[in-house]
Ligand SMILES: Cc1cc2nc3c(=O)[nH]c(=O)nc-3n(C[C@H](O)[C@H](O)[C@H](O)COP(=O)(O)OP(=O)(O)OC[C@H]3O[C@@H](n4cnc5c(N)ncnc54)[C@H](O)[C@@H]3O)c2cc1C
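The chain below stands alone, shown as structure tokens; this is the form predicted alone.
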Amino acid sequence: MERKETIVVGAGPAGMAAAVQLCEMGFRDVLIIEKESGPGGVLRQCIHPGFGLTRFGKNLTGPEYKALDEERLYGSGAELCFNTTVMDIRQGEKEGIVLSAHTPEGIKEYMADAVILASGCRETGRGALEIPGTRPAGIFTAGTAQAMMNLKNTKVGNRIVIVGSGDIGLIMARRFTLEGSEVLCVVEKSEICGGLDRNKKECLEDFGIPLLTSSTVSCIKGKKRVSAVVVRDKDGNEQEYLCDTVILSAGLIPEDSMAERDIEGLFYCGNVLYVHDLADDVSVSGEEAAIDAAGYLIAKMKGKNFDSKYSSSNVGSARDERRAFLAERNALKLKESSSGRKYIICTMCPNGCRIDADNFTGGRCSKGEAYARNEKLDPKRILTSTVKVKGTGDVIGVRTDRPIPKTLMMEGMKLIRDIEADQSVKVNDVIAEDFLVKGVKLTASDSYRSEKIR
């Protein structure tokens, strides 16, 4: 059994931040265990912008955000263990915490004085949603579809219905549309959109994709492949949509089933604590959990008790607080949406201020008014996509270095399909100059590696 002072489970944004924070505080016996072949977690496949607005003051894509934390991680002094899946976390018989993990060499056990669980969350599948009908091909979770398109260059379908209005589903609605697929509708059982207002605006409203609230999918049809879905509204009326693909984006579940409850010295952070809206907040959660884990180790050495909101005994209350916050926020959104007033959602920062469409008031700062005026006169968006890497079957994420007119988005996608990047490409390298608009650059949002994580 290998002994470590602290083990971090998961090398996504929370795990990377936690490991770096511990090392910066002087704790050097830190091991981070990750099931994939490299760090980053879900950030690798999130080629859309919206990351780093609060933490770095920049509008980054997921891979760009990952690159900044990855550099800090590799320079931190933490020990990294990849291709290893933690299967069981339990209290040691006499002391410490015991972890059982599946490694390339077989089953291995670790013992640690403190463990930070940063294993993220998993998507809700069709079984949990209890959607009736046949079981044909063409049904994917939003995250799976995202990985297929953004990492494996695989198109998932042509005519698509999205079930649930979670943020990943909204973002994929835009991605599907830009790649030439038709998103027929997004079906949401609640009265309001489940994702952030800015994603509703830029992913659905920009492309005229209908959001069917207070509605459910009552049946999926098809033999070998999905052929149609039946959507039922709150009044019981049903409409059939002919499609070949169904995308499920109906919630995320913390991935904590491998851990026993109430383990002394076990700390939760990031999306395994509860599902956060922003990766920036996930990283902050990792840093705060690391600070508390350090406090626990010091208290233990002095023979004192230590408790924190991130400890395993307090996970339930933290999740209850999150549910209460979301319920309050959704009630406010429902009240605002039923007021009849027209708003422009500012996307300059995560606040998502509602700016009055007539008098441009309502923002928390001056950026809101400026954004709303530009949105009425000449709306602009950052374009993100993937390009092929020469001589390989791989793709790499790209983005415009600044927003371009919204009306040029589809034209930009046509140009991108004919562009190839060199195998030596690195994050922020310029792929194309004067892309659509003079002075706008198309840049790489990730670095290509021949042993690319799949």
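Here the structure is a predicted model, which is why all the values come from computation and not from measurement. One rule holds for the numbers: they count along the sequence shown, beginning at 1.
Form predicted together with the named molecule: not shown, discussed below.
A.B. asks: Is it the case that residue 85, even though its partner is missing from this view, gets within 4.5 Å of the named molecule in the model of the complex, heavy atoms only?
C.D. replies: Yes, contact at 4.5 Å.
A.B. asks: Does residue 369 make contact with the named molecule in the model of the complex, using a 4.5 Å heavy atom cut-off?
C.D. replies: Looking in the model of the complex, residue contacts with the named molecule do not include residue 369, since no heavy atom lies within 4.5 Å.
A.B. asks: Whether residue 184 contacts the named molecule in the model of the complex should be assessed with a 4.5 Å heavy atom distance threshold; does it?
C.D. replies: Contact check for residue 184: no, nothing within 4.5 Å of the named molecule in the model of the complex.
A.B. asks: Would you please decide whether residue 177 lies within 4.5 angstroms of the named molecule in the model of the complex, comparing each non-hydrogen atom pair?
C.D. replies: The answer is no: residue 177 has no heavy atom within 4.5 Å of the named molecule.
A.B. asks: Given the named molecule in the model of the complex, answer whether the residues 2, 6 and 22 all have a heavy atom inside 4.5 Å of it.
C.D. replies: The answer is no; none of 2, 6 and 22 reaches the named molecule.
A.B. asks: Heavy atom within 4.5 Å of the named molecule in the model of the complex: which of 416, 43, 425, 398 fits that? Just give me the one.
C.D. replies: Looking at 416, 43, 425, 398 one by one, just 43 meets the 4.5 Å heavy-atom criterion.
A.B. asks: What is the one choice in 173, 163, 293, 282 with a heavy atom within 4.5 Å of the named molecule in the model of the complex?
C.D. replies: It is 282.
A.B. asks: Which is the contacting stretch out of 229 to 237, 273 to 281, 315 to 323, 335 to 343, given heavy atoms within 4.5 Å of the named molecule in the model of the complex?
C.D. replies: Looking at the partner contacts, the answer comes out as 273 to 281.
A.B. asks: Is any part of 12 to 40 within 4.5 angstroms of the named molecule in the model of the complex by a non-hydrogen atom, and which residues would that be?
C.D. replies: 12, 13, 14, 15, 33, 34, 35, 36, 40 sit within 4.5 Å of the partner.
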